[in-house]
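Only one chain comes next, encoded as structure tokens, the form predicted on its own.
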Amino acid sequence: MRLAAVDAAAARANLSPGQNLSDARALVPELELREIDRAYIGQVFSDFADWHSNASPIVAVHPDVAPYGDLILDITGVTHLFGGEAKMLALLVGRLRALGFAISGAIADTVGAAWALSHFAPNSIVPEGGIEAALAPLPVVGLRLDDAVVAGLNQMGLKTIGQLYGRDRRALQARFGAGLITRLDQALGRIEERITPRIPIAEYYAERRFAEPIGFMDDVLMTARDLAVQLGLTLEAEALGAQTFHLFLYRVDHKVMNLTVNAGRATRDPNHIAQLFVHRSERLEGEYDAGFGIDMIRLAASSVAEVESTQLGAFEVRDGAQDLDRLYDRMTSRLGPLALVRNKFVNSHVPERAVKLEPVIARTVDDPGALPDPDLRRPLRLLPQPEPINVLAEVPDGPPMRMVWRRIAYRILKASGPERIEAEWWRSGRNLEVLLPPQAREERGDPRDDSPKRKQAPAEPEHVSKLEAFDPLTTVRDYYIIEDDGGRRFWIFRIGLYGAAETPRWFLHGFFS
């Protein structure tokens, strides 16, 4: 066990991070220890990292060494706002030191080079094309290698990164693994190393900084309306609109609040954008907390699409659905994106698979081949799962004359059918399931679906829930429309045929009236 961090009193007693716990206790017998909570520190550091998006739109936490401690900013195209790379680095490092943090930083063309320089050559700024020379004198541990690999390299006399240049790559890989070559190539820029931004990337945004922090929600919404006007003009200049808008509130205590709204259609109407945030703020109620104040607000747009330059409002379209789309946006802003869904037809003959639910503000293109056949008669109400019934018929394969459902008997006067429906061939032997909205796919997934479509595209848009199966082996059903002596009409089906090894079973699936 080792010390992860020490306070000022422990430092004065010659204790340091990384020191063996036994040695520390020998030096300071009355040492008070607390177990480190790495998950909590990682979450706090991630929230703190979001605050740096006021300097760069692309901010990420680098988890290779630890889930906290290493912060990456992509400053491409933003250094001129700070007077150059040197002034930007001095500003970012200086303001963190003023808050009491121990920090070092560096600027380079690659993530690996910047990490190595920030740890072993702080405050370095590598000019374009100078990565090899800058990394050459640094120790090999700067390549973010495992301790075992570093120890092996040191035993061979390879203590600096420059000593790896020009050596036999196959020999190095054979002895130390492919990770060494990969890290070296990433640092030198031969292999691209991508980062995952914590905050959505937006090419179009407008922001406002305040001389004095603000705190009231009304002031935030007024500022959002002004920023919506600026953002709308920027989008209009390029004949664009957006469906997703993000409002970032930067607090003086170095935290960021993010409010996101979605529109049913791409828009740049400032009034509509601002009104969406008004509805969204109503959902916050007591959750809104400005802390010690907000010193900067940024409004960003994503999911950008082309919009006609003659558009006068958010829903100036020719399909007659302007009022409906405006209503959808208001309802989803107040109630949430999954509060309002629509039925979307799916290309399947199985009734419970023929429709899925998707949010109206995230609608996808309808499949023309999935539209139902108007000549087919379907019930108004479909049960989520067919329920077993007891049926009595005059002849084995004839229509039923009597039905018992939920311990209630129904005398059948009329019947039509059968209509034979078979399951998709790739779902043979699968449980019958019900389609759900796309959002459920992200949370649960469906590893059982091995259809050809899934094999070609693992991230298929349709997702099914795990309902209890009533017959996992059946692929054929014979459906009947029946009417009882009270005028009630049911949709029932039979599984199996009379005379087979197993007795056929009947199920109720829907109601016509």
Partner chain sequence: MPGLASHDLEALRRKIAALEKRPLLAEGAALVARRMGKAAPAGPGMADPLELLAAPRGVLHEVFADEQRQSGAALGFTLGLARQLLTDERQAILYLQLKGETQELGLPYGAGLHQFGVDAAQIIIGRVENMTELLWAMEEAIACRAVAGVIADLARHPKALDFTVSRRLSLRAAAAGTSAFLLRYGREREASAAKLRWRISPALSGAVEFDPRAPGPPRFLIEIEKGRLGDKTQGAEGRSMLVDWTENGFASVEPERHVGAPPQRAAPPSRPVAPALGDRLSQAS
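Numbering follows the first chain given and starts at 1. Worth saying up front: this structure is predicted, and the values here are computed from it rather than measured.
The same protein also exists as the form predicted in complex with the partner chain; that form is not shown, yet it is the one meant from here on.
Novice: Using a 4.5 Å heavy atom cut-off, indicate which stretch of 135-143, 188-196, 263-271, 404-412 touches the partner chain in the predicted complex.
Specialist: After filtering at 4.5 Å, what remains is 404-412.
Novice: Find out whether any non-hydrogen atom of Y205 is located within 4.5 angstroms of the partner chain in the predicted complex, and reply yes or no.
Specialist: So Y205 does not count as contacting the partner chain.
Novice: Since only the chain is shown here, I'm wondering whether L164 would be in contact with the partner chain in the predicted complex (any heavy atom pair within 4.5 Å).
Specialist: No, L164 stays farther than 4.5 Å from the partner chain in the predicted complex.
Novice: Would V61 count as a contact of the partner chain in the predicted complex, using a 4.5 angstroms cut-off between non-hydrogen atoms?
Specialist: No, no contact at 4.5 Å.
Novice: Would R489 count as touching the partner chain in the predicted complex under a 4.5 Å heavy atom rule?
Specialist: Result yes; R489 sits at the interface with the partner chain in the predicted complex.
Novice: So the partner chain isn't shown here. In the predicted complex, which residue out of N347, N154, S104, N343 has a non-hydrogen atom within 4.5 Å of it?
Specialist: If I apply the 4.5 Å criterion carefully, the residue I get is N343.
Novice: Quick check on this chain: which one of K159, K87, R377, R95 has a heavy atom within 4.5 Å of the partner chain in the predicted complex?
Specialist: None of the others qualify; the residue that does is R377.
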